[in-house]
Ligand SMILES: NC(=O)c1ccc[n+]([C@@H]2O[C@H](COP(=O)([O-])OP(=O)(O)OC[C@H]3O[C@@H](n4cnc5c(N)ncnc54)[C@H](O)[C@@H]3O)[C@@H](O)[C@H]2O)c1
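Given next, in structure tokens, is a single chain: the form predicted on its own.
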């Protein structure tokens, strides 16, 4: 059963969720943003307001267009306020139990024809979908950070995802102005399956070749034309986020290159997580 997507719910208004909600209101969609506290909903709205205001400053939007976009955003702490959404995108903490609990609650709340999507970057969409009574209406929609800027969305189907649901999610990503790619529910999907072991190799080279993080970054930027070096990229992603994703891939496939290098584990333990803490491979 196909769905016309007119009203979207976004659960979790942190960096990723706020970016996804921003994309939705920019695309003219009524959007309901849900967080666990009023303070967090307001913080999410402030994030969206900030980036839309930058669009006004740069001449990409008018003040009236910005205000119209913000008017399409409704904030709530109550999951039941998502009941009339045609699509609900989950963007909460990257923990399987938390996502499964949320999807079970959404399953009891939204209409039977609604689509449920997870923004997970590393967890099994199949396992998340299994928490519902309608896994055929669950799909992965992995946006990349920052969501309003990066074009890619990995649209992930499980063995049970209905074809019409998958096609609707893919078309929705295109409606947001994104460049979606289709993939099956496999560990790491496409980007992380390639990128995480590659970044881990770059970190291991620091100790094995006796070079500095700057030298590794220079090697990849000027030797292979990467726009950003691997160490700077991990600092941008967050050491904690990278290690978590790396551990998830290691658990799933047991390939040695997937396991986080000891250097990254030590950085995580020390709290030097990159840009978010002001110190990672580099100082900020």
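What you see is a predicted model, and the numbers here were worked out from it, not measured in a lab. Numbering follows the first chain given and starts at 1.
Keep in mind that the form predicted together with this ligand is missing from the display, and what follows is about it.
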{"item": "Stretch from 167-175, 142-150, 67-75, 109-117 whose residues place a heavy atom within 4.5 Å of this ligand in the model of the complex", "value": "142-150"}
{"item": "Of 264, 273, 25, 16, the one that lies within 4.5 Å of this ligand in the model of the complex (heavy atoms)", "value": "16"}
{"item": "Touches this ligand in the model of the complex: residue 121 (any heavy atom, 4.5 Å)", "value": "yes"}
{"item": "4.5 Å heavy atom contact, residue 93 and this ligand in the model of the complex", "value": "yes"}
{"item": "Residue 257, heavy atom within 4.5 angstroms of this ligand in the model of the complex", "value": "no"}
{"item": "Residue 233 within 4.5 Å of this ligand in the model of the complex, heavy atoms", "value": "no"}
{"item": "Residues in 58-84 close to this ligand in the model of the complex, defined by a heavy atom within 4.5 Å, in order", "value": "none"}
